[in-house]
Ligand code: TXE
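Given next, in structure tokens, is a single chain: the form predicted on its own.
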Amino acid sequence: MRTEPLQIRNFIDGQFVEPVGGKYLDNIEPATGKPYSQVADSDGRDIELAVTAANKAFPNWSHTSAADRSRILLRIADLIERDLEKLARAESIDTGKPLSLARTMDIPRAGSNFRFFATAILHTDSEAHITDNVAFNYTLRQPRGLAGLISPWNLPLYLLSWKIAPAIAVGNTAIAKPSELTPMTAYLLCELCREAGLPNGVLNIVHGTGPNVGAAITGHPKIGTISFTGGTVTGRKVAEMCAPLFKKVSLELGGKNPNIIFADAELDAAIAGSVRSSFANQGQVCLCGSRVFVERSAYKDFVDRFVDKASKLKVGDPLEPTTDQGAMVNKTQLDKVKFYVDLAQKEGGKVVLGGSAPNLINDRCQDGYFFQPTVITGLPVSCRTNREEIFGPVITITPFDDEEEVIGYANDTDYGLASSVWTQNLNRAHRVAEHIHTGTVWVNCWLVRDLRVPFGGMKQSGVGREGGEEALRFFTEPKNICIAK
């Protein structure tokens, strides 16, 4: 008996509802290349419904005590942890990433996001000043109202929760748009929010494309706060649309991140960390180190050992427990990766590992979007392959001679999101980290996360900061009150 595919509907005012236009998009499983569900293809009419619901919910939610808001968010965190296996499997099917990665990183970190902001709002403080003994000033931080939250496909629940949790924790209501490529975990999160007792209308999730739904969110006059994570080209359009409306905007955009290895680095750790930072989630992480620079005296040894270790990564069915590398998110992304590998060779690069799709994985995955971990050497620093974001399992390795040279290499890009430095020389670590133009510099590690610290990029990697106190400040409006003595 033929069964109809699951339809992922919008979540508005606490209910799952059909898109107004009645249209759906096929949701493709990257590992198979075949649809396994359908997602609402919404438009501005659905956003109007969400705005109405969020406006209705805001007065009560914004005046709900911090303790009560905290209790609900902690319950959501508990439910995410309870349903970890279900959510991890859904994310693996949706994104093509290995189930093991979703199980150990993405879903646990989503739960941690809700837990962190649930407790952070219980420990906030307020600035107060005595002004020349004539007045007393203090600052209130109040929720801004309706927040528009737009998240990408590579870490769908992790990054969506990083926006939702602080926005609603401080008393805003939210209208969120997950990527239409990876909507399943957002759909499941709505079920958990309802079970946790989140009041209707506090969180509304509208599915659909960027031109139809994302543009309706960023252009809506009643949505005064926009948090966007995605590509730089789209981020520029978001900024252009929000500027005339004087919206408060945070943009976390692309990266072309340098990974610097000095000859005195602990090489085993540097190689293991660099393989992970290069190929995690098939290189589809904005923080991945896609440009590797190695001090010349250690270059040959590093390349040989790096290639050997990367060659042992197993490209396979994302649902298999032994898989290290899953599928690219869609055919468009796969074709983009192939384009840049071809371009790199035209620019004079040598493919020393990978460079093509793998052999047949299994019958289930014969039409999936797979590509091998790829290492390219011999490219000039200023070539397109070394300057443009590929967002796939493709990295370049380049030698350098001294600190000044490699700092110049690291900064020779329009992006400035993150970087890694590997050295046992503490003074060098401080010097180099200070002069690299990135929002985050990891020393002898990669992707170590502390939710208390600000996160964001420089240059075309974005504006604004997320994480910790920065997020709580972003989603609130400061009001100064001055009382004469």
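So that there is no doubt, residue numbering starts at 1 and follows the sequence shown. Here the structure is a predicted model, which means the values were calculated and not measured.
The following text describes the form predicted in complex with this ligand, which does not appear among the structures shown.
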>> Considering non-hydrogen atoms and a 4.5 Å limit, does this ligand approach F391 in the predicted bound form?
In response: yes
> Does G368 make contact with this ligand in the predicted bound form, using a 4.5 Å heavy atom cut-off?
Replying inline: no
> With the cut-off set at 4.5 Å between non-hydrogen atoms, does K336 touch this ligand in the predicted bound form?
Replying inline: yes
>> Taking this ligand as it sits in the predicted bound form, is C286 in contact with it (heavy atom to heavy atom, 4.5 Å or less)?
In response: yes
>> Within 4.5 Å, heavy atoms only, which of Y409, W153, Y158, Y299 is in contact with this ligand in the predicted bound form?
In response: W153
> Can you pick the one in G354, G201, P183, G214 that has a heavy atom within 4.5 Å of this ligand in the predicted bound form?
Replying inline: G214
>> Only one of 396 to 404, 248 to 256, 133 to 141, 192 to 200 has heavy atoms within 4.5 Å of this ligand in the predicted bound form; I'd like to know which.
In response: 248 to 256
>> Just to make sure I understand: among 226 to 257, which residues lie within 4.5 Å of this ligand in the predicted bound form, judging by heavy atoms?
In response: F228, T229, G230, G231, T234, K237, V238, E252, L253, G254
